[in-house]
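Take a look at this one chain, the form predicted alone, written out in structure tokens.
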């Protein structure tokens, strides 16, 4: 199915079903509550008949609710618009209209309507609950506060307790989730979403069937929403196959749960089951359920033919046709090396080949993973044995290291497989960050200024609460900080107890042990003691930066002021004086950048080269600075060091043609003819303006690699582009067979 070119960008939304208090069903419908009651008890046909009768009402508000109940969404929107004009100060109209937008994942518009409802009536509890649901859909910490505000106004609003239970289970707090679900049931014994949360806790713990689901079906035999709730919790815990199974269960009870069908399609797509994914999503589209995930996922599925697949015994690499020739020679061996390393390290063989797909368009990557564009922070995501990630061409030069991202995600493949996807998020993310640094010390997470600020404010979480930092951040940079903290925790475990402790932790999680139990069983201390000892270990490594951060900022500001004033020596002296406070900083306007540029301006190329080599080893990724270093090393005759630098550039931005030409020449001169061929081919794959020179360079490398026939073909291609190219003419004579 081809879809219009326009992308849809609303925010991601969870499913919250409208629930009503248990009451006797009246003989004849008088208002939408009667129709909702019929739906509550699973009388779906009768409910639709009830809503249909309300369409004849002279009240636009009633007609709007009837259209919404009949899933005639466009008609409902127009009726709500009419009702709002007739009742501009009605909190009820604004709130019910907001629910319509919320049900279609347009959380921004829904939030605006809920806020307008509160302006109309500051004590209208349903509007606060609506805002709480908007916040929950965005994993916003305000969800609980808003739900509690609704309960303060209306203590009998059991739906608010249901939402609090849902949020608590997302935060991996089943104790609180159970408490809130039971509070909802204390108000309404037929609170189906509360029962769904309790059933989900059972399912997550491997208890199936759940008696809570039996209780749900006694009330409503068609309440597939409960299975969809369980699917959601499997999904956010990376248990995608189980999520698919539970979405199927939901649809078996009620085939018109379009949000569940859409999520089924998205999860099938995540696992590479594209044919069925498209079928499920097209059903949603045909039924006029055209939320952003559905539309964007269908559009993406129309592009799958644009990719080439390269298979080995252990892996399947999918690259876009326009960049496959460039990326394959680098990514395929890196992928094989990572698989071999992790197979040895984790002492396991995967049940099938790893599937890696690389996207040159970041929005395609996001649609492939979440179904929505605009999630700019992600670089890679793992689904079972599948990994999807950005291509370096989808990012600004030097913005990320594709190789470290690959190693990070492949660690997830092994750890998630080994634990049957039961590992907590903090541990698998932390171990993946640790593995990056274990493979290459300049990889892994750097201590950014945001992390320094969190350390100064003592905002790190206890290890037992660390998952919350990933799921529902309390401040803007907490996800970044949580990655750093989790990675350092795993560094600490490996340093103090060895890699065997990590293997033990993995086994513990596979056996459904909690983090507290895993720590006690493998590290032999209480979590509270672990937190204390880890904090002391981390302070030894970060304390100097934390305590002198203001001194560093002041010193660097003065150094750059000196540089701008032409005082180069003073700038270098000032920057050097404070560098020891924060050597980990490699961002814009770093010590390395200032000092190297100042030294070059003063004619000290050796000093600049030494500084830039320190920058490279500290994890700096500026393509401009690294190219400058490679030229300095080449000029100094340091071929090996220059090769190391050029390889670092290829890890962060292989799209630079000059880098490949420089590397090809260097490798040719050092006797690595095959490496020179690879680099010359990469330069040619980037479609240079000087095609003749590119073919000539490849011909020289081919000849050195003892591939004369291919070398001659390249020379002829060079001369076809530039018939008077004398160097190519000479090489052709050299390659021509003698008479």
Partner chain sequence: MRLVIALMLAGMTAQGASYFVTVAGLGGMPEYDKQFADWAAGFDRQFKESGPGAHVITLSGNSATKQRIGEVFSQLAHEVQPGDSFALLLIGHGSFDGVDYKINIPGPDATAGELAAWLNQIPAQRQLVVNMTSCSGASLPALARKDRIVIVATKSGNEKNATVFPRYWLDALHDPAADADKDGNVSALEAFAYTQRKVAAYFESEKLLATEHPMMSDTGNFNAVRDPKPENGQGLLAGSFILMRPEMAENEVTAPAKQKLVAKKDDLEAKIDRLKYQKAAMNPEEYKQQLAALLLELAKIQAEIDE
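Remember, it's a predicted structure, so these values are computed and weren't measured experimentally. Numbering follows the first chain given and starts at 1.
The same protein has a further form, the form predicted together with the partner chain, not shown here; the description that follows concerns it.
Using a 4.5 angstroms threshold between heavy atoms, residue 42 stays clear of the partner chain in the predicted bound form.
Contact annotation: residue 87 falls outside 4.5 Å of the partner chain in the predicted bound form, judged by heavy atom distances. In the predicted bound form, the partner chain sits beyond 4.5 Å of every heavy atom of residue 672. When contacts are judged by a 4.5 Å heavy atom cut-off, residue 692 counts as touching the partner chain in the predicted bound form. Taking a 4.5 Å heavy atom cutoff to the partner chain in the predicted bound form, the contact residue among 394, 555, 643, 487 is 394. Residues placing heavy atoms within 4.5 Å of the partner chain in the predicted bound form fall in a single listed stretch, namely 680-688, out of 680-688, 65-73, 31-39, 46-54.
Contacts with the partner chain in the predicted bound form, taken as any heavy atom within 4.5 Å, map within 635-661 to 653 alone.
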